[in-house]
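So this one's two forms of a single chain, laid out as structure tokens and tagged structure 1 and structure 2.
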Structure 1
């Protein structure tokens, strides 16, 4: 795209201000700006006046395979899951685009050291969990790692420096998360620099479109991958490509599965796996009406008790068939650094919008989802905070309880 085309293109979209500093730029900077303009998804701005609709039908408890159910049928579930893994029908996707800001760490979150007497990163712990499955199946499944424009180079180098934690290099595939432009409250797109549009990652719901845009559908097709186990970087105890989880989901006929844990109390800050209108629905803790939040069964258990752990299993065929262009955008008000009157500013107050898609909406669009309960103390140690609940401290305690040397 040349300057003239860009000028006309932006004028039609009410974004002519993006060329305000064009005359000041070097040739290289001009090329960068024109590339940004050509690649930016300006259509996302239409969502400003089309907020995400949270209205839902009556909420009911989800269909969940309980711990007792799993114990009773574990051998059956594991047999099916093992066969799927041995036939190369399952891959994994690690969502690792975040930085360790809340931990006081200015590098990719997966590089954070959880060790006490030795250096052991979050990435190493997750890769150990993956290698546990490989030891049982004898097969290395494809592992796709989603990074961001902020941490891509550092993440790749960290894996290289650590010899991919013993995993075959040709089985690990990095890809960057797609981004969307940010804007002010009037829909005017921000500049991050005089020659760069301000972009922000498009949310954890963008993992599949980002993977496909990176061209990795060719790997899914060539290797015959039918299921993808998607997991977040936070939970250092989670089991990845767990044969029992795979087997239970496949045998249920569901299009996706979600690992869940029983809530510790009604107010715990976890999304809840429910169903609404006959479809799976993940209700965020702040959306759940207080009456339903505290509702209990005759045996004293919470009626809505299954919290998600951000560990999902998705059928690839159904992802292709149901998700194209259908994920709604969630609009988040943020304090966004930008160029103002020719200078870079970093406002403390909310000043604009970021546009994100969420994996919880993917679950709903899949139409069916099997909840699979796991033991909290064995599979749920999220690291979200520096201290207190769901922190480095609590994760270390649980890791040591599970025999991990730190």
Structure 2
């Protein structure tokens, strides 16, 4: 795209300000800016005028295999899951493209040191959990790691420097997720530099399309992978490629499975696995009407009690149906560094929007989902914040309870 075309193109979209500093730029910087303008998906901006996704549908509790059910059928589930792993039918996907702003760490979140007397990163803890299952099955499954343009190089280097934590190098496949432009509250796209549009990772819902864009369907096909266990970087206690979870999901005939934990109190800030119109539906904590949030069964248990843990199992064949671009965009208010009056500013207050697609919407698209309850004390230690709830402090406590030396 040349300058003249860019000028018209932006004028039509109300974004002419992006060329404000064009005259000051070097030739190289001009090329960069014109490229950014050509590549930015401006249509995403339409989402800022859409009303927020509040729950209006009638929701019911989800279909969940409870801890008691799992205990009763563990042997059966595990033997099916083990067989799937031994036959190379399962792979894993680590979602590590997030910015981890709440943790306030300037490197990829997985590099954060959770240790007290030694250095032990989040990545190391997750890889240890993976190596545990490999020890039992004797098989290394393909591990795909999603990064973003901001943390890709550092993440790859960290894995290399740590010899992939003992995992075979040729089984680890990195791919970068796509990005979307950021904008202010009036929908004006931000510049990150005078010659660069401000882009931000497009949320964790884009993992499958990004994996396919990276050409990794070759590996899925050649290795015969039928299921992918998708998990977030935050939860340092989660079991990955857990045979019982795999077995239960496959045996249920569902297109996906979600590991869930029982909520500790009605106001806990966790998304809830529910169903609506016979299909799985994940309701964010802020979307849940108060009446339903507090509703209890006769035995005193919360009716809507199963919180998601960002550990899912997806059937690869059915995932292809989610590629048709049906995932809705969610807007998130964020503090976004940008160029203002010719200077770089890093506001502390929320100043604009980022656009994200979410993995929870993929669960809805799949049409069927089995909730699989896990013991939260043993499997749920998310690191979102530095202190307080879901923090480094709470995760350390739970890790130690589970015998991990820090």
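From a predicted model like this one, the values you see are computed outputs, not experimental measurements. Numbering follows the first chain given and starts at 1. Take the two forms, superpose them, and find the largest set of C-alpha atoms that agree within 1.5 Å; that set is the rigid core.
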>> Only one of structures 1 and 2 is the form predicted alone; identify it.
In response: 1
> Just checking, between the two structures and with the core aligned, does residue 352 shift 2 Å or more at the CA?
Replying inline: yes
>> Rigid core aligned, does the Cα position of residue 30 differ by 2 Å or more between the two structures?
In response: yes
> Once you line up the core, how about residue 380: does its CA shift reach 2 Å between the two structures?
Replying inline: no
> How much does the C-alpha of residue 335 shift between the two structures, in angstrom, given a rigid core superposition?
Replying inline: 4.5
> For residue 195, what C-alpha shift in Å results between the two structures following superposition on the rigid core?
Replying inline: 3.6
